[in-house]
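Below are two forms of the same protein chain, given as structure tokens: structure 1, then structure 2.
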Structure 1
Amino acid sequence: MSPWLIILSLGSAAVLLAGALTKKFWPAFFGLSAVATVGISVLAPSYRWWLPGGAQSPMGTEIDDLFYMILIITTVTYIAVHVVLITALIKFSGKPGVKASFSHGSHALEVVWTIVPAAILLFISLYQIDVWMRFRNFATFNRHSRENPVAEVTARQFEWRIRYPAPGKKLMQKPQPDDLYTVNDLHVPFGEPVVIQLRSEDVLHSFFLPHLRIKQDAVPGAIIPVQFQANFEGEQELVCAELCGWGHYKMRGQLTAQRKSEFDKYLRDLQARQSDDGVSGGRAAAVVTQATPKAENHP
């Protein structure tokens, strides 16, 4: 138990006691619950009960900003509503012999509290559209990355199959004999927008990069391009976020973002390893493969 929690619980007990003594137990109770709600939310990040670090992609940063904007608006709303509520509970808790005020409502108030939230809500939605369109509308993608997807990611129970085009080639819709394959291990060059083609072989899955705030369902029968940009060098989690069967929880992959040159080298190594027939040695085989692709080498 951290000292904070001890102080919090002692404080709560004191408030409730005071409430009970002054015959205001219920206002104290509900007031406390509201204060505790806000309080624990303030403390949460220090326990890492919060976003898993800052977003590591530009889109993710924008999403975080929108998240915080809504957080501020809703927190203000929450506090305002509860201040009014608790005040009402304190001020108007029942006294014998007192009659409530006789009022059926107020037209002016209704108008105000319809228009103000309407404006806020409309503002929120209009403010969000731009980011959404850049995330989902293919036409707004970076032209180069749109035309040169780095890989095709095919989800299946319960793994991610990744298909890269051979170095120097373009990714084709149909698998090519010289394509390169890995499982659960997606490499991309960092610092530039990349596009992957997302597909599913069996049921629904969802391609989720929590640290980049990217998520897209993989839908059988469809190919969905997903654009993201890794702003880090290293490894991050790739999570399946759509229930896909009993093994959903273990459908775990890895995203490795590396320098462009290292990425190219990674692909070349992959190519060498993949065409290694185990006899003639990787290097020789790589040369042979480039000349005459051998289809049977590919899973």
Structure 2
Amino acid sequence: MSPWLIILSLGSAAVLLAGALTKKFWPAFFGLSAVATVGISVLAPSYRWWLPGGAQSPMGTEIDDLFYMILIITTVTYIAVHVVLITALIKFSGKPGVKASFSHGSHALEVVWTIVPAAILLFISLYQIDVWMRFRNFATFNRHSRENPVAEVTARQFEWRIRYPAPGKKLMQKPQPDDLYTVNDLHVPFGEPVVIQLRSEDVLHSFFLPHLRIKQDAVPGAIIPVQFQANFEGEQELVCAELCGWGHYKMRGQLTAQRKSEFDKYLRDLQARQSDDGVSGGRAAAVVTQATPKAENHP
């Protein structure tokens, strides 16, 4: 039997027993729900119901830190609310012979529960603004990466089209005759910041690298620069995180991070494959054959 079924069965039995013995069903129910929620959250990483491993980019590490900070704040708030709720249910539940009293409320308490959440939200907004600026503000991008985008990524139903500049050239906004093209296969140098130009050809898409914690909507009619740094060597998934049509589920690609020398070689090999017309080798042989007799006539 699944451990989760065992937990749910034992939990249900505990709630029913608490209700039958103490006539405090709702306090027991809310108490058990709080314990179960926190317990499942603690166990979730071991069942891979969590983030897809550690962040593999510097920006991703900072985003994870923000995520866990907010998670701690919300967890403490969640537990505190349940403690107050259960206390109120037990203390103020109806009792035989006791007449209920009317209370208009407490202005002081209302001020507290308005100011405290506002202060927490203000703290979070100020605390994360530096990370937000470095991810969204083009002026804060690495200067070399900003001036030399590695590729243009165009989202379309239901694939990622990638355009690289020819080796030794810069990526231009307007496609050039010697540009290089692939589909669903984005290569970048690892260990250094890179910038891509993100576009959409049809509807709203979302460029998502879950292992790097990088996510940016691709908006029709807009060219959006995205900076990230892959701190790994190998392959990770590239997916669309915006419902973009019936084939959304299959809009997947891969990000390959490799050494700079291997990345340069990849572009040269891609250029060779793209330039191969299948007959150029034969033409070269014909040129040599025609040139050889001419050379023999001039000893």
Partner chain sequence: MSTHAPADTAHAHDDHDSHGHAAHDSHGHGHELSFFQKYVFSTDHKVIGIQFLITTLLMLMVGGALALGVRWQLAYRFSTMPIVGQLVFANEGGQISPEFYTMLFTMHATVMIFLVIIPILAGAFGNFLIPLMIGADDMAFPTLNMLSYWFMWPAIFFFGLSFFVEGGASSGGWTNYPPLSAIRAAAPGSQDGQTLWLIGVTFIGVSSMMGSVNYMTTIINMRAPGMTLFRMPMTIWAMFITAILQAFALPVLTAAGFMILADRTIGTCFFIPGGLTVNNTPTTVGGGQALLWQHLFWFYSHPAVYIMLLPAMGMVSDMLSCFSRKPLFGYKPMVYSIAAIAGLGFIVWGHHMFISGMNPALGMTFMISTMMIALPSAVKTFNWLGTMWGGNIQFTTPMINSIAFVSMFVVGGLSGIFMAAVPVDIYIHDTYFIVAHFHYVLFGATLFGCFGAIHYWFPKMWGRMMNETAGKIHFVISFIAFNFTFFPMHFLGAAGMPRRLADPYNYPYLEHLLPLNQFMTWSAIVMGFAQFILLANFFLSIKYGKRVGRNPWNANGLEWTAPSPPGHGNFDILPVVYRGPYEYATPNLDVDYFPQTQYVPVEQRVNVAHGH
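Quick note, the numbers are simply positions in structure 1, starting from 1. In this text, rigid core is short for the largest set of C-alphas that superpose within 1.5 Å between two forms. Given the structure is predicted, the values throughout are model-derived calculations rather than measurements.
Colleague: Eyeball the pair and call it: which is the form predicted in complex with its partner chain?
Modeller: Pick structure 1 here.
Colleague: Superpose on the rigid core, then tell me if the C-alpha of P117 is displaced by 2 angstroms or more between the two structures.
Modeller: Result for P117: yes, a 2 Å-plus shift.
Colleague: Please say whether, between the two structures, the C-alpha of H104 moves by 2 Å or more once the core is aligned.
Modeller: The answer is yes; the displacement is at least 2 Å.
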